[in-house]
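Here's a solo chain for you in structure tokens, the form predicted on its own.
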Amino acid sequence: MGKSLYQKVWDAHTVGKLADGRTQLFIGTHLIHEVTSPQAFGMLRDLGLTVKYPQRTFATVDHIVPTENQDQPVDPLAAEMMSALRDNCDDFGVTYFDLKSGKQGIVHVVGPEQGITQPGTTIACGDSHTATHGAFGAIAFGIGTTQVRDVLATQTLAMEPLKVRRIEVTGQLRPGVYAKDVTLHIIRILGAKGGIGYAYEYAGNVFDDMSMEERMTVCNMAIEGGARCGYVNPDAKTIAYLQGRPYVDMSDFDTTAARWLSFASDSDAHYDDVVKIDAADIEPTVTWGISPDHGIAISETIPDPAKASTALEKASIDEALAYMKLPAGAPIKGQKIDVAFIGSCTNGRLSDFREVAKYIQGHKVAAGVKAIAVPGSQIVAHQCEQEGIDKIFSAAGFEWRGAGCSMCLAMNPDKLVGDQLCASSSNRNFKGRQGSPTGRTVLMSPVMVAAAAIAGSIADARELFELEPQAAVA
């Protein structure tokens, strides 16, 4: 019986068995940011400890950094957290991609673009969406502040192994259907808690055909389906993406690449579960409620609690619609929006902005809609500006901002106001997620966000941008 990538990486990083039955797992790479690391460094100081392997820890500032006037945050707490991260990195010898480096950005964008994220490794970060790095064939997961302390001090974690679910998506995606739609569709089918206790292995020709950035979008949202991590097996695209990146050892790259590829799942690997999905069943998908598994195709109507099959389902729909203020049974298409946000660790990469720029030329953001575009890193911003993408967004009426998490979680000045409804390319639509306790979030792909911004309401990008003949639209 062969092994899955998950099992191979787990075995390669096992230090030993602990008395309580858990595994002490070596963490190859530790990524930190300004929000979950200050307390961890404080605990190290209190205990008189140092960072075990500072060369394996990398820091950036993303959550609280403003996307305007970045050098001088208005919020004194933000300024204090940024200063604390800089001091901690200096004191403990940790590499820090600060605002002046030209390499700052969202931690899950910076790691891959620097080549820090590599196949066959374990990666931990005090952020839920660390699963992003699984796109490279790494086992990557979010951890809490206490575990950040543990990794800083020992470069290990105590963990229990996960089961592995293989999710195969095969066939041909239709025009206007993107990686974001695929991952929202998977979460809709399996549920926001369906992946608890699992690592997700994404397989099938749909993922094989995706770019590395599209794979990152899918793996990023594994956590929204309840999985602790998600990954795609490394292949030639993975190798090509990483070759020449700053933190990749190029001294014997052929040997390095062969070792990376050796971590791919064996053809006879065991899986605890296998789910098969036909790509043709996936439409542009948007959320209507307060959980990422509240997803429907753009052609569908908002769920009606009167048609729920169980009392629990009815209560869930009632609660979601009461918060979202959306009419039961009505089409989701055409619901008015107030804000459009393109960015985040899910969809704030160069390919996202390139794809949107292809379609928004000659269009204008609708009157009354606030639209902002936030690159995931300073390098993404620079690349966009080199290609003139920033000017295309600005001409269409988007505000072009500096790099950061921005309105994904609103721990910075970018927040919804009151009960504004935001068409968002981010990853969570929880109550109050975007800064206002009554703010409403509808998740979708960046191109769908652009369509909503231009229409002033939730729209079908395939129709607005003429992505496929109307007759072919379900």
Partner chain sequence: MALEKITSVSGRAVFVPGADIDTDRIIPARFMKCVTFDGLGEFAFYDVRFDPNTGEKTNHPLNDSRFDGATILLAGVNFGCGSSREHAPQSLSKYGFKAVVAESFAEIFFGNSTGLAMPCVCLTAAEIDQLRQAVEADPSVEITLDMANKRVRSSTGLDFGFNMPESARDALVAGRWDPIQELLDREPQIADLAKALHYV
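The model shown is predicted, which means the values in this text are computed figures rather than measured ones. Residue numbers count along the first chain shown, from 1.
Below: the form predicted together with the partner chain, not depicted.
- In the predicted complex, none of the heavy atoms of Gln104 sits within 4.5 Å of a heavy atom of the partner chain.
- The partner chain in the predicted complex comes within 4.5 Å of a heavy atom belonging to Gly142.
- The shortest heavy atom separation between Thr122 and the partner chain in the predicted complex is within 4.5 Å.
- Shown alone here, Arg440 lies farther than 4.5 Å from the partner chain in the predicted complex, counting heavy atoms only.
- Residue heavy atoms within 4.5 Å of the partner chain in the predicted complex occur in exactly one stretch of 202-210, 285-293, 367-375, 328-336, and that stretch is 285-293.
- Site residues Gly28, Glu160 and Ile196 are all in contact with the partner chain in the predicted complex, judged by any heavy atom within 4.5 Å.
- The partner is absent here; in the predicted complex, the one residue of Glu168, Asp390, Asp98, Asp150 having a heavy atom within 4.5 Å of the partner chain is Asp150.
- Contact with the partner chain in the predicted complex, judged by any heavy atom within 4.5 Å, is made by just one of Glu385, Asp249, Asp87, Asp266: Asp249.
- With contact defined as any non-hydrogen atom lying within 4.5 angstroms of the partner chain in the predicted complex, the contacting residues in 25-58 are Phe26, Gly28, Thr29, Val35, Thr36, Pro38, Gln39, Met43, Leu47, Leu49, Lys52, Tyr53, Arg56, given in sequence order.
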